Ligand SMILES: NC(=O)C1=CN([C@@H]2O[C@H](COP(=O)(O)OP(=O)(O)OC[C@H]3O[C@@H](n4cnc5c(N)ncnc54)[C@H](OP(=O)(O)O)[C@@H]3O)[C@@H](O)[C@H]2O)C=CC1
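Before any questions on how it binds or moves, here is one chain, the form predicted on its own, in structure tokens.
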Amino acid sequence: MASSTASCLRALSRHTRVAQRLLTKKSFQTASYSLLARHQSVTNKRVLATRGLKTLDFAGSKEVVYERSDWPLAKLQNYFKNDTLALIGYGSQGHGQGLNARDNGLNVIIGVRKDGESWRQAIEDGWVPGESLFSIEEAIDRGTIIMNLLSDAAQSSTWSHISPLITKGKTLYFSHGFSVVYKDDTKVIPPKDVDVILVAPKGSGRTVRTLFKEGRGINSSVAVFQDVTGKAMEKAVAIGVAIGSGYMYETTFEKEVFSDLTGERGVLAAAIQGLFCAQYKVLRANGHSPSEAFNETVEEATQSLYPLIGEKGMDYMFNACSTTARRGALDWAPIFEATNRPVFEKLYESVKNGTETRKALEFNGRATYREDLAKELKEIDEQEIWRVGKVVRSLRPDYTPEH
């Protein structure tokens, strides 16, 4: 009975969400960049920053930065009034970018495999089969701007099938330079008669959605691979605003993918995991308890110090430390840099020469991909450091049970 009741409630909730969207569709045409932001501006007297296109000095290097105030909602909606954004794939980025563009009043449709997991998730988010949710082929046929947000491996494996559907006059959009830059491996070669553009949010699709709902917006890079109409960059910037960017900086497809792959394998994920494990194991080997080793390695970093770096910078974080900690940090930082720079140079070369690409395509294209991935992630989950972390997190005042 409880299960049946829960199912009914979920169904009712879905119908309610869809009904609310239909009832408020017109309000989106004049809404702020998110309904939540508009609400906050009233309740918290919060005013979003008004900034536009400008050239900024980044430590002596001049760069053009695009900001969303040059694209107020009325202008944005008018610019795309004759366009249909066909978003192919509904993973993390598809979810975030699609919902943001829809909330901003643009005509967005989703293209995924019918009745698959992404299809079911899209329906949960209010996309309607036959109206805004279609097969990949039909979505591409209906769309004027084809947003290819399939995984890198899926872009490669599906390209021969979908490329003939991307006809003259359409725009081809990516959020990663991977497929186009490594064309010798992916076989993704865009048609010569369409604009090919990129908007790459610097964060996960879930973060893209969260920051949009908060009225903040994520930072993104924008690039043009092929400009047939002469308006490719303008179009890229406009879509960047539509999908939730707060500001955007120019790059190229090649630089975007080189920096992105290096970052993922470096300080964004791989290097952090390696450093955490190395320090934790040294502390444990010297008799420190699991909780102490974890707190001094992960908890203090993520809950206290790293947020300070994000908000104010490394020098601010150093100043916020004790005099003893500050002295040690200043002394040991150059040693870590000298030790790790050769590793990063080797990593960058592996990205540049395509080694990392070929590894990723081979692994992600396996028939046993999901099983192999689950095994590796399970090994990390079962490491002592992260088993201890689950207990430590449960002690936080704002803890919510993990699923």
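Values in this document were obtained by computation on a predicted structure and should not be read as measured data. All residue numbers refer to positions in the sequence shown, first residue = 1.
This protein has a second form, the form predicted in complex with the named molecule, left out of what is shown; the following refers to that one.
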query = So which of 98, 217, 240, 89 gets a non-hydrogen atom within 4.5 Å of the named molecule in the model of the complex?
reply = 89
note = Answer key, the named molecule contact in the model of the complex at 4.5 Å (heavy atoms) among 77, 251, 226, 118: the residue is 118
query = Which among 281-289, 106-114, 307-315, 137-145 is in contact with the named molecule in the model of the complex, heavy atoms within 4.5 angstroms?
reply = 106-114
ask   = Is there a heavy atom of residue 204 no more than 4.5 Å from a heavy atom of the named molecule in the model of the complex?
value = yes
ask   = So in the model of the complex, does residue 370 come within 4.5 Å of the named molecule, heavy atom to heavy atom?
value = yes
query = Do residue 297 and the named molecule share at least one heavy atom pair within 4.5 Å in the model of the complex?
reply = no
query = Can any non-hydrogen atom of residue 152 be found within 4.5 angstroms of the named molecule in the model of the complex?
reply = yes
ask   = in the model of the complex, which residues of 168-193 put a heavy atom within 4.5 Å of the named molecule?
value = 175, 176
